[in-house]
Every structure is written in structure tokens, then in C-alpha cells.
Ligand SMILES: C[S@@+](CC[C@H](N)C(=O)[O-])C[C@H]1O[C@@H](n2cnc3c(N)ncnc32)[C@H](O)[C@@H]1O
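Take a look at this single chain in C-alpha cells; it is the form predicted alone.
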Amino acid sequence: MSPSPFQPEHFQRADESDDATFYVEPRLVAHIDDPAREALAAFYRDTLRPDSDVLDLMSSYHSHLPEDVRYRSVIGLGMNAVELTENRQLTGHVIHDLNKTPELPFPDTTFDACLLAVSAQYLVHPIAVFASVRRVLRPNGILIVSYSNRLFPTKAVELWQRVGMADRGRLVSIYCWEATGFRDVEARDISPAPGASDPLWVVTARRADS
């Protein structure tokens, strides 16, 4: 087995206090601007089947799914109960701190898709989380990680803040490869209007069948 390309200091944060304290106050806002939200919703519309069971990982007030599509289920996993309750696109939710417990609280092969929208920068155990995502995905299930240039700088990990937009896509791709069990890992720029809106990239990966 080859050594990990990461060191513990890569995932250090300026604020190492309990995340539950940081997220205790609800933030009933979108974390990307409207054009970026529309671009992400369009990408989901083109990628996800309406009969999908969807896991919205690190969920909050918005899931960024298209408003005119109803999926079989959309389960949000996040840190703030008010935000999750107010998210109208969720059919259920779970309060769970991935930085304390990277293992997801779901049985194997529960979901067709896992969405991680504009939050990957806050994971301190990303490889363990991605390995658990692979476990809860069904065969050929898809992981979609989206990111922009917005973040809470005190809670984003050091390595994420060190690199630029394209390299963040490479970083997320490495998370998938290090977690193992993913195929067809691809990063792409889907920014709606470069320079006129928030930039938006997605990384997609499929669960590889054994």
C-alpha cells in the first residue's frame, strides 16, 4: 500500500473549537449566488433520475436541487436542526457531525446518489467520509461534490485554502482515489458566467462494483 499523500497539518483549521458551537445559530441563507445555484440545479437535473434516493451530505437550508423535480427521497445530514427543518426539499434529516464521526449512520447501499454541495472544505477526515459514502451508495451510485470560492475561513482546512479552484478539483479527486471503490472520477468547471457570478466546479465519481 502506498503512503497517504496527506499529513495531519493539511487538515488543521484556524478554529479548532467544537463545530457544534460554530453551527448552533441557524444560517437561513444560500452559500452561493443565484446564477451558481441555478447552474448546480441544472447539473442535478441532467444527472439524477427522479426515482433516486438522494443523500444531501453536510446539508443546510438549501439543497440546490431543481424545484420542478421530486425525487423518491432526499435525506439531509447536517449540523443545524433549524436549517434542515426549513429545507423544503428534504424528505427527512439527521443531525450528525462528520468531523467527530466520519462513518455515516446509514445501512449499506441505501442511496442512488450522494451530494456534497459547497462544503468539502470543512471535512477534516475526507477520505474516511468518502469511503463511507461509497459504502452507502448502491452499485453505480454517484457522488457529486460541488464547490465555489466561498468559505468560512476559520473552519476550512489549511490545504483547501492553499490551492486554487482547479487544484481543489484535483484534491477532491484524490480523496475519491484514496478512499478506493470509485471509478470515472471527473472534475469540471460549470461556472455560469465567469467573472459575473460565483465560480462553480463539480467532481463526480461512480461507485465501482466489486
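Since the model is a prediction, treat every value here as computed from it, not as a measurement. Just count from 1 along the sequence shown to find any residue number.
The next section is about a form of this same protein that is not shown, the form predicted together with this ligand.
Q) 106-114, 130-138, 92-100, 67-75: which one contacts this ligand in the predicted bound form at 4.5 Å, heavy atom to heavy atom? A) It is the stretch 92-100.
(Q) Within 4.5 Å of this ligand in the predicted bound form - does that hold for a heavy atom of every one of 19, 23 and 58? (A) Yes, the whole candidate spot contacts this ligand.
Q. Would residue 31 count as a contact of this ligand in the predicted bound form, using a 4.5 angstroms cut-off between non-hydrogen atoms?
A. Flag for residue 31 set to yes.
(Q) Would you classify residue 62 as touching this ligand in the predicted bound form, given a 4.5 Å non-hydrogen atom cut-off? (A) Residue-level check for residue 62: yes, a contact with this ligand.
Q.
Quick check on residue 152: any heavy atom within 4.5 Å of this ligand in the predicted bound form?
A. Contact check for residue 152: yes, within 4.5 Å of this ligand in the predicted bound form.
Q) Counting only heavy atoms, which residues in 176-194 are within 4.5 Å of this ligand in the predicted bound form? A) Residues within 4.5 Å: none in this stretch.
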